[in-house]
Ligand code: WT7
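Below sits a lone chain in structure tokens, taken as the form predicted on its own.
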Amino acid sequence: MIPKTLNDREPVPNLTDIEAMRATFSWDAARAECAGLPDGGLNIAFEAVDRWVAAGCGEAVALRWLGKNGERRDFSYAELARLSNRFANALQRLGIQPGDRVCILAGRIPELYITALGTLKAGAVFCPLFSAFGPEPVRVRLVKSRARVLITTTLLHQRKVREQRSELPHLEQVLLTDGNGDEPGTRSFHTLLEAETDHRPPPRTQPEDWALLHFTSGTTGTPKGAIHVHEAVVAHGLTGRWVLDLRPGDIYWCTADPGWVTGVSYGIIAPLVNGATLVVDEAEFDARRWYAILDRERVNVWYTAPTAVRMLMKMGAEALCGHDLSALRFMASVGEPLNPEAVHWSMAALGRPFHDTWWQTETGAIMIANYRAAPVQPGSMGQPLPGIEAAIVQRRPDGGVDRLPPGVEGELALRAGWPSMFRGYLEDEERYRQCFADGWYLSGDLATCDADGYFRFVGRNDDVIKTSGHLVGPFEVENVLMEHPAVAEAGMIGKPDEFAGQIVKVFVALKAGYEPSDALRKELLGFARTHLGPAVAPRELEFAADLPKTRSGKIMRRLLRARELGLPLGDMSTLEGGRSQNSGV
């Protein structure tokens, strides 16, 4: 256990006595801390920017954008309020109604943050898409969301959207952030904004109105669209204050891409709700650049991913040489388990530990964390937030669950009812219903809990894997590979990796007339990368005569994983033919 990292020069943590707060906490009291709207209304964007303008803090810097080519621009809270008003007015002029979906496919550019806030003010639903996705994942998400408006760049439109417009019947408007609308079927984002006024009446959204749509992978079927409502801002603000220790005036940097839930909940909403200055770096990971940003911007709170921490470890002390990180008060990680070695390294190299956190797209906000005022247990994701009841459970055949004692591995469950809990999967009520039992949300993550209440992640109870903090399900990967004329079957597993945590590996059975070869392997990997994008595409591919299947024809990825990792094969009674003669399993 690593002791508390506090000194007399730093402010007292926002959350000091966790047990006392658990005993007195209520979500009603937390809701009362929001500025709110007339008639009991609530709006995420109003809580993030307009409340600060109304409080006389409009000139404070809300967003500091660092361009990949050396550009630098500050946006005040007042400027973000004005620009988001303009975008909300533009959406209204385009005929967008409350509940309509507005998607954005872009990297970390200022227009993304204006779009997010303006969409929420308009009462529409903000849906970010990861810019590194290939054309197929983009198409699937645009179709499933029924997006009426897409904001993107000229290059991303040309590479990932334009050829698919005929397959997107609901997509009425494509707004280009860097074009003048000369591309067929597009309009200029900035021309639309310039035509609108800065002023707009306060939003009229209610706490249960839809606000955010985040897609997450599953084991079967298309990606699941998790729906979040405006009341989620209660948990965003609270966790930003208690877990990340944010306060007005802090310089805060979340390195997560806004195409994923972390980049929205903690890369936009939580820091702004807490009055911090949000640092946004357009460039991709570079250790020396990152250290320079931490130094030059005097970052106080840093939220990043274990993959990035491990890459910094690999670079060694040379990259850190000459940089002053004394402004750093708190460092946290998210996305996948943080290995103990990374915590010990950060103590030695940076003078304080990384604090791991756990949450999911479905939870909407941090649920379990290592807190600034409490000792860090390396390798643990921490303790539940006040207001969150967590347990390790085992599912019963009758559909209920039983709680398990300390130290016993089981499924991590949360008592349902917190404000940022997702309200459904888009057009998939049955999938949503299966996530709950006996009043518990069942996370699908396997974990243990010790006698002191610290939780430790063990793995997933399904075939979804985490690679560099991103959830990847087998459905999209296997389906795309099977579109190649040589592929008869494909099965995906996660393979341990020193930096990414896991990488995607696929096993492929070929159709008659095709023979395994290095050339075909490279062709299939390139095919997958082109269609899926680098974040989802497999890194390794192995040919197999056939794949192990159940008697009902379902590929047994468990056996593929066991063979790859040298694990026990387990129960094979459901295997097609008892034991496959050709699968190698």
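Numbering starts at 1 and follows the sequence shown. All values reported here derive from a predicted model rather than from experimental measurement.
As for the form predicted in complex with the ligand, it is not shown, yet the points below apply to it.
Trainee: Tell me, which of F75, W418, W253, F457 has a heavy atom within 4.5 angstroms of the ligand in the predicted complex?
Mentor: The residue in contact is F457.
Trainee: Just one of G179, G237, G259, G335 has a heavy atom within 4.5 Å of the ligand in the predicted complex. Which one?
Mentor: Of G179, G237, G259, G335, the residue with a heavy atom within 4.5 Å of the ligand in the predicted complex is G335.
Trainee: Sort through 340-348, 459-467, 83-91, 293-301 and report the only stretch with a non-hydrogen atom within 4.5 Å of the ligand in the predicted complex.
Mentor: Of the stretches listed, the one contacting the partner is 459-467.
Trainee: Evaluate L471 for contact with the ligand in the predicted complex, applying a 4.5 angstroms cut-off between non-hydrogen atoms, and reply yes or no.
Mentor: Flag for L471 set to yes.
Trainee: Would T119 show up as a contact with the ligand in the predicted complex if we use heavy atoms at 4.5 Å?
Mentor: T119: no, not in contact with the ligand in the predicted complex.
Trainee: Would T152 sit within 4.5 Å of the ligand in the predicted complex, counting heavy atoms only?
Mentor: T152 lies outside the contact set for the ligand.
Trainee: At 4.5 Å between heavy atoms, is Y113 in contact with the ligand in the predicted complex?
Mentor: Y113: no contact with the ligand in the predicted complex.
Trainee: Which of the residues spanning 154-172 lie within 4.5 Å of the ligand in the predicted complex, based on heavy atoms?
Mentor: Contacting residues: none.
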